[in-house]
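First, one chain by itself: the form predicted on its own, in structure tokens.
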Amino acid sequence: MQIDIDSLETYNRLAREGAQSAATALSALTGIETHVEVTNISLVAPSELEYEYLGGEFSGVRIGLDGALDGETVLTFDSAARETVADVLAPGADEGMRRSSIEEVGNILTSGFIDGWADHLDAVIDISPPTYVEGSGTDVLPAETTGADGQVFVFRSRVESASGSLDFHILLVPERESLVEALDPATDDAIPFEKLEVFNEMTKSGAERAAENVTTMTGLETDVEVNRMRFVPIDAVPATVGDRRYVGTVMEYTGKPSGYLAILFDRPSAEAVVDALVPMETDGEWGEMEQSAMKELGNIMTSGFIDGWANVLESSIDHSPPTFVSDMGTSIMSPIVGRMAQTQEHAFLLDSTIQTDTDGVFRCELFALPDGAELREVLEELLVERADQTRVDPDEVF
């Protein structure tokens, strides 16, 4: 299976336009203004997609696709949004009518989402009657992702209202063979799907090495909970990372490929890490000693993350000294995006989450942004048979 980057850009645009169509339809039905917050194409293992939906309660519809694009689309509302929609469309009605209103809205919005794909392919995409879904995790996800082997492409959009009372998610999971035909490369400038899978696995291995380094340095038991590769418009990267406040480090790495790596902790996790490294009263202040401890940890985690890349790719990758950051995710990523936007319109955002529940919830997110053109070159040269050679002695690489 070959993946044409230009096709990914086209399909990312189609997903966004489809989500905007759905947002407009929902605004017309409810009178509440909504906008598309995030649209991206993700390459994930099904178990990691399930993880994102655990802990919350969702309801919506699942609709099968057949024809020019086979697969399933799921549109889900969180509990607050479900009640908002039902209150507008079925005020005072019994639960059965309220559920029917969700099915009707889901059907209308999904149709708007899919129409653009059919127009682009100049072919028919039939949609099945909506099936009502409710729950979390696998309860609301497309059947294509449940128990599937390997990794799957997921086209996803998040639509939000200004008040936060009417948010919803759209997931499109096409069947692989159908996607092969839809993304049939028009040029020779294409990347084998298997190489994208390998690079995603390399990223997960790197995150696992980084997690091991955290454990070695701090004694905090950690594990990689989520790992995914997302293809997004470069200017949408800050919104993808979000407005949560983080403390951590940012580093530029050079070689093949070059790019940036942000290692970001939520504040309680950052304080726990610093306390483990510098056992003294910090009073929540990030003085020179605390910042130095955070930068040293970022340095060690970065080495763990990218050394495996260098070994598999048989290249040399170095990184700059870490810069300490403490701000909202959007503010941290915006300067990086500003520099990268000069040479590329879309980006592969590599996103891993390290987490543990020991002594309270510990959470750290790694966001890697490799240079697009260099990543394409690297993937062209990547030898799939070296995919498992991510364990490396740094002295052997640099």
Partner chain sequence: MARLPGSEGDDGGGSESRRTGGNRGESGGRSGRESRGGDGSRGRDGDRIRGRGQNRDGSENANGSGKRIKVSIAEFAVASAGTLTTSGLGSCLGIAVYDPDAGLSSLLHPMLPSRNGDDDRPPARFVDSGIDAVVDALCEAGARESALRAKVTGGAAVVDFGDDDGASIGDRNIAAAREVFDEYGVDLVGEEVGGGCGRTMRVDAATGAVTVERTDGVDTML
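Residue numbers count along the first chain shown, from 1. Small disclaimer: the values here were computed from a predicted structure and weren't measured.
The next section is about a form of this same protein that is not shown, the form predicted together with the partner chain.
Participant: Sort through 47-55, 60-68, 343-351, 363-371 and report the only stretch with a non-hydrogen atom within 4.5 Å of the partner chain in the predicted complex.
Facilitator: Heavy atoms within 4.5 Å of the partner chain in the predicted complex occur in 343-351.
Participant: Between the options 126, 327, 177, 95, which residue brings a heavy atom to within 4.5 Å of the partner chain in the predicted complex?
Facilitator: Contact residue from the list: 327.
Participant: Which residue, 111, 165, 131, 138, has a heavy atom that falls within 4.5 Å of the partner chain in the predicted complex?
Facilitator: That would be 165.
Participant: Heavy atom to heavy atom, is residue 356 within 4.5 Å of the partner chain in the predicted complex?
Facilitator: No - in the predicted complex, heavy atoms of residue 356 and the partner chain never come within 4.5 Å of each other.
Participant: Against the partner chain in the predicted complex, would residue 16 count as a contact residue? Criterion: heavy atoms within 4.5 Å.
Facilitator: Residue-level check for residue 16: yes, a contact with the partner chain.
Participant: Answer for residue 234 alone: is it within 4.5 Å of the partner chain in the predicted complex, judged on heavy atom distances?
Facilitator: Output for residue 234 is yes: heavy atoms within 4.5 Å of the partner chain.
Participant: In the predicted complex, is there a heavy atom of the partner chain that lies within 4.5 Å of any heavy atom of residue 150, even though the partner is absent here?
Facilitator: No - in the predicted complex, heavy atoms of residue 150 and the partner chain never come within 4.5 Å of each other.
Participant: Every residue in 34, 160 and 331 with a non-hydrogen atom within 4.5 Å of the partner chain in the predicted complex?
Facilitator: Every listed residue reaches the partner chain in the predicted complex, so yes.
Participant: For the heavy atom contacts within 4.5 Å of the partner chain in the predicted complex, list the residues of 233-254 involved, in sequence order.
Facilitator: Read in sequence order, the residues that approach the partner chain (within 4.5 Å, in the predicted complex) are 233, 234, 235, 238, 243, 245, 250, 252.
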